[in-house]
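Listed next as structure tokens is one chain, alone, in the form predicted on its own.
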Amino acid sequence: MAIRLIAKGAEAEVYRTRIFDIDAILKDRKPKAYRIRELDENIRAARTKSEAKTTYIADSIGVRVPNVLLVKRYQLYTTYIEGTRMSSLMQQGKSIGNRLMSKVGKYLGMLHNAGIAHGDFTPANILIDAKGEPWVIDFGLSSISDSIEEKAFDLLLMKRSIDCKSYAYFVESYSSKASASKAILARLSEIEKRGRYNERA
């Protein structure tokens, strides 16, 4: 299979390819001309390494994520997962089942228990396979963190992206799994209050 560009973001270009005779995704972090070269290289290398690490940890604790195949200085190869982004299904007006939302909430709780803040936990980064199972993808903004605030933002991003009924199933499952859910949900409320204050201002 020839390498094929499938997405181009602010931070990286994403390609469909093969490696070790496996269908794969290549994430290639490109240089940023506006940054000092040495700083740019350090940032790109650190983010690639961090993404590989958090993806690997997520896989090791039982969260469905692509397998890490190869890590280079600025490039990350992971297995290609056949599926449709949850955000695309929502745009098509298709219903997102309660069981699915509960499983997504469980996965976020598992990530937080493992000390991982995803950083971009939205329907765009939840892939639904042919069996209706969710996969968490794109750990590019993730971090190993004890920050209650960062974990609360993971919840906020999902809450802002789905309807109230779906969120109720999502957060109920999350709360039953995440050991620090009370503190994280309390911080979520604080963040939302700050947001409403800023909107009024």
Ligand SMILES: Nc1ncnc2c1ncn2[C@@H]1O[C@H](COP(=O)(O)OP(=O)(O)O)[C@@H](O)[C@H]1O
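When you see a residue number, it is the position in the sequence shown, counting from 1. Here the structure is a predicted model, which is why all the values come from computation and not from measurement. C-alpha atoms forming the largest set that superposes within 1.5 Å between two forms make up the rigid core.
A second form of this protein, the form predicted in complex with the named molecule, is not displayed here; the remarks below concern that form.
Using a 4.5 angstroms limit between non-hydrogen atoms, L100 is distant from the named molecule in the predicted bound form.
Of the heavy atoms in Y80, some are within 4.5 Å of the named molecule in the predicted bound form. Taking the partner from elsewhere, E192 is found to have every heavy atom lying beyond 4.5 Å of the named molecule in the predicted bound form.
At the 4.5 Å threshold, heavy atoms of I3 stay clear of the named molecule in the predicted bound form, well away from it. Only one of A52, L157, I137, V171 comes within 4.5 Å of the named molecule in the predicted bound form through a heavy atom, and that residue is I137.
Comment: the named molecule is not present in this chain, but in the predicted bound form one of L127, M110, V71, M90 has a heavy atom within 4.5 Å of it, namely L127. Here R160 does not count as shifted, since its C-alpha moves by less than 2 Å between this form and the one not shown after the core is aligned.
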